[in-house]
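Next up: a single chain in structure tokens, the form predicted alone.
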């Protein structure tokens, strides 16, 4: 009951804050300028395309220019993302590893957008999606065209061996669909990303997202319903499914993203789980420390 009351307070706070969007922020938004900026950034990506205009995994820069415009607007004008530590990213291959939350993966979208708009030079963060996403009509093709992929170890290793930037959330649905009572408490991390980092000699850059937990605070996760629908989770929030599709819209919280120092690991990627797990805990501890710092410095979920 505590967390139900808490999410109700969050919704009330959003309303009282005017959804945190002042009237002066709405008229005359520079969407044309933002579109040009996004297009210029994508043109700077060091992508090798074949004769059909695709990279080895089906990425199409023209599709990204169109599809990422919504993400760029959300980044600049809705979530008003503050990103720090971008200068800590090493050049070349890298694994971005962070916390996951929010019922819908706006956090991954905002991290990928930050890499395009804020990194110098711009980087294409190739998100690794859940396996069930490939079962949704057209989505697997759209993911490929945008530079992302279903997170199979072989695909991820191939990308890293070609010096790509890969974005992973080791909590998976455990993190994304947890209830608000567990907000900012990292769930169990999978070990796969560390085995890949060791196998491909890839540095790991931990990052922490503050704000995603409040965008759609979860009340419950109906696992039995999810199983019947062949879905990884069936979350219930204060507004969904009560308000239907409208209830899937996130609250306009402010995102704060911090990228940590690159972490380099040595060892055999075929080591026992205990040995791999100790390395994973180092990454997890780094993310948790950044989360604690971010929460302590935040004065409001909307500011």
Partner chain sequence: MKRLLITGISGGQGRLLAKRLSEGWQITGVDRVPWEGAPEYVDVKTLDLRKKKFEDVLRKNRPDAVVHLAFVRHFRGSNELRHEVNVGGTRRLLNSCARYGVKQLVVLSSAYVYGALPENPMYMDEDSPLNVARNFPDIRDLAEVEGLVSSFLWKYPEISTSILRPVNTLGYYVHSAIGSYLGLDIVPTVTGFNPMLQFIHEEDVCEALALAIENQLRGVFNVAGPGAVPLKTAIHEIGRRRISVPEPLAHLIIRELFRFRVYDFPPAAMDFIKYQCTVDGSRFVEATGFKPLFSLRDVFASVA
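Owing to the predicted nature of the structure, the values given are computational and were not obtained by experimental measurement. Numbering follows the first chain given and starts at 1.
There is another form of this protein, the form predicted together with the partner chain, and it is not shown here; the text below is about that form.
- Heavy atoms of residue 55 reach within 4.5 Å of the partner chain in the predicted bound form, making it an interface residue.
- Using a 4.5 Å cutoff between non-hydrogen atoms, residue 158 counts as a contact of the partner chain in the predicted bound form.
- Contact check for residue 50: a non-hydrogen atom falls within 4.5 Å of the partner chain in the predicted bound form.
- When contacts are judged by a 4.5 Å heavy atom cut-off, residue 120 does not count as touching the partner chain in the predicted bound form.
- Look at 108-116, 72-80, 150-158, 183-191: in the predicted bound form, residues with non-hydrogen atoms within 4.5 angstroms of the partner chain sit in 150-158.
- The contact with the partner chain in the predicted bound form, taken as any heavy atom within 4.5 Å, belongs to 145 out of 178, 100, 145, 195.
- Contacts between stretch 207-233 and the partner chain, counted in the predicted bound form as any heavy atom lying within 4.5 Å, involve no residue at all.
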